[in-house]
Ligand SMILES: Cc1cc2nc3c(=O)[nH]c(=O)nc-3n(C[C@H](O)[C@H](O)[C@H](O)COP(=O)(O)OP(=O)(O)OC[C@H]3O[C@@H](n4cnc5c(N)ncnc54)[C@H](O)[C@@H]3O)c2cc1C
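Next comes just one chain, in structure tokens: the form predicted on its own.
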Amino acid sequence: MIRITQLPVDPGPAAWTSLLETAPARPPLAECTTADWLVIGAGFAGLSAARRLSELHPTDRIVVLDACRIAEGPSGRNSGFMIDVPHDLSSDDYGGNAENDHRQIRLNRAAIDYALQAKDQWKMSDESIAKTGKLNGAITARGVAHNTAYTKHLDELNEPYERIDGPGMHRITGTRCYVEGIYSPGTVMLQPALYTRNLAAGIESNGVQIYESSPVLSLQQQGAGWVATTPQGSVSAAKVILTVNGHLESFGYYRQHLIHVYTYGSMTRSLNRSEVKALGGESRWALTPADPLGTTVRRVSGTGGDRIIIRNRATYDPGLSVDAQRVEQVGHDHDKSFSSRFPMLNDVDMEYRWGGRLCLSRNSVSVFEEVETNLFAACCQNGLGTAKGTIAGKLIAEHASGQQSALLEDQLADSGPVKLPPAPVARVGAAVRLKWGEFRAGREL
């Protein structure tokens, strides 16, 4: 029997969810039931896995359990970028070797296609998900050098992009701090909470049963299947899929192989008309930093008004817990990043601050396998959960169903996360690497 003795902590509000009307709560699991398939985790990977299972096995009973409410965990706390081109956070220029990057592009674009098919199928709005492209913004000479290296890599991959000068960046963003940018056309942008809610409602229309506020406390093999126990009930299933990202370690798998990182975001209050006019620029844009440890910025306009999101800083927290004080401390750095970019908005406060969990591996690969008989895992998305989670969820459903495809072979090509050094060494090494990376980012942060 696997006993789960701790649950991850998600500090602060899920800001994207807070912008939406409160959704009716789905009931927690409150009975002992059976299913053909059980998916544990209702983020991008879990909902995509359940969706694909409902397509492959329309008459099977499919159950999804999540410890919290839809879009209040990590899926409602990210920046909403579904990026198609290389975006390795451990690399100075986001790229790796060409062969691996071509494979990742195929997987990322398959994820985007699958998400856009869901948009069409369930008539989601452009605010929920739309192909808009993104900017890679540089503030310093070092940032420009990063962008130059990145474009060379894109040239090698024969990927399109547009280089935008300082005045062009000012016309788009309203701020003069960016000296140049790289526009990549293939990125899809999400309002992650709205998309995830719509996806959950869509797969429910396919017959999938979702239980919220139903953390799995134990998982026990029973014959050829498994029994998952929650505080008020249990599910006996023939096959189980774990889509819990770094929480996988709590289930006893890949201990001392996964790197648990919290990243942090702040979102402004809604800008008034005079503030929108003072800012200028386009009403919607999305920017990743030239330096991977710099500041991600989004401007959104829609439900909840016109707002700006700042995301930077990362901390290594293997205990899967961060307190409110940490979020507040990081928030001071967000305020500095915001004021340096948007001095014309010096009276604008942050309405929401939060932390979100990432799971990385030392060799930047995921967990994608049958970890026990009829128990499958699609976890460790290396900070790119929107795209990698979506395609890993779809493909793990196909893998568990005995399907074969070239795309599944791409996903299975990773050998799995390598083991970390002993815990004290890993803790010090990760902290030093993050601090040094942020120091080198300089004004890009």
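Bear in mind the structure is a predicted one, so any value in this text is a computation, not a measurement. When you see a residue number, it is the position in the sequence shown, counting from 1.
We do not show the form predicted together with the ligand, though everything after this point is about it.
Checking 375, 358, 293, 348 against the ligand in the predicted complex, a heavy atom within 4.5 Å turns up for just one residue: 358. Proximity to the ligand in the predicted complex, defined as a heavy atom within 4.5 Å, holds among 199, 241, 169, 216 only for 216.
No residue of the trio 37, 51 and 207 has any heavy atom within 4.5 Å of the ligand in the predicted complex. In the predicted complex, none of the heavy atoms of residue 191 sits within 4.5 Å of a heavy atom of the ligand. Among residues of the shown chain, residue 74 is one whose heavy atoms approach the ligand to within 4.5 Å in the predicted complex. Proximity of residue 195 to the ligand in the predicted complex falls outside the 4.5 Å heavy atom cutoff. None of the heavy atoms of residue 2 is located within 4.5 Å of the ligand in the predicted complex. Between 403-411, 55-63, 384-392, 416-424, the stretch whose residues reach within 4.5 angstroms of the ligand in the predicted complex through a non-hydrogen atom is 384-392. Applying a 4.5 Å heavy atom cutoff to the ligand in the predicted complex picks out 4, 7, 8 from 1-22, in order along the sequence.
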